[in-house]
Ligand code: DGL
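Encoded as structure tokens, the following chain is the form predicted on its own, with no partner shown.
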């Protein structure tokens, strides 16, 4: 297969990365995508750095074996270990942290930005270091329980209460921009904006899509075929659970399939 026609690999610990994949499909309707939801190992945010790095290596290796032309780590916690993925290939690998951080820095006026992320991402200080380098005061908040909430398929008033109660910790912190430092969290945008009205929220999908466009162009990897791309979805967990928690994902795709990744 011509390299330009090869698929783009995308992965996350679960369904959160679908918010990124959604933006990638909008940006590149002719590209083929392979998405892996590592639900058998979800959540990543409570794992050790070594455990997370091993999952990054294993899933990247799986995608490379499927002849992907680029890898998108659609997970902030995994993106902390992007160098582990890059060490496996000369093909482009992009993460979520740098493009999302750059977009947030462009938007802030008072130079104070909140970061909602998993405990592992917050503890890595990946976002804090980049923001501080740009003269920004970060307001980090670990919200790993949101991942488990979304992966379990919960919805309704209980979600609004949980989000509002959690965000009370930063409601008076004075930030004018908020980063969803976990790709799951943009699924809670109605609840977040209700709790923190007036704050500009930055999700990972669009900045990641713009970075991928630049990378594909630089490497002459854009698919020039004028036809709709195919989307394959895989889970390392239960197919039934995956289908239930992914039902909001409206982009056309093949039925979710189970895979084992050691």
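Numbering follows the first chain given and starts at 1. Small disclaimer: the values here were computed from a predicted structure and weren't measured.
What follows is about the form predicted in complex with D-glutamic acid, which we do not show.
Visitor: Within 4.5 Å, heavy atoms only, which of 147, 85, 72, 178 is in contact with D-glutamic acid in the predicted bound form?
Guide: That would be 147.
Visitor: With D-glutamic acid left out here, work out from 188-196, 133-141, 74-82, 166-174 which stretch has heavy atoms within 4.5 Å of it in the predicted bound form.
Guide: One stretch meets the cut-off, namely 74-82.
Visitor: Using 4.5 Å between non-hydrogen atoms, is residue 182 touching D-glutamic acid in the predicted bound form?
Guide: It does: once D-glutamic acid is placed as it appears in the predicted bound form, residue 182 has a heavy atom within 4.5 Å of it.
Visitor: Would you please decide whether residue 205 lies within 4.5 angstroms of D-glutamic acid in the predicted bound form, comparing each non-hydrogen atom pair?
Guide: No, residue 205 is distant from the partner.
Visitor: Taking D-glutamic acid as it sits in the predicted bound form, is residue 118 near enough to touch it, meaning that at least one heavy atom pair lies within 4.5 angstroms?
Guide: The answer is yes: residue 118 has a heavy atom within 4.5 Å of D-glutamic acid.
Visitor: Residue 42: heavy atom within 4.5 Å of D-glutamic acid in the predicted bound form?
Guide: Yes, residue 42 sits close enough to D-glutamic acid in the predicted bound form that at least one of its heavy atoms falls within 4.5 Å.
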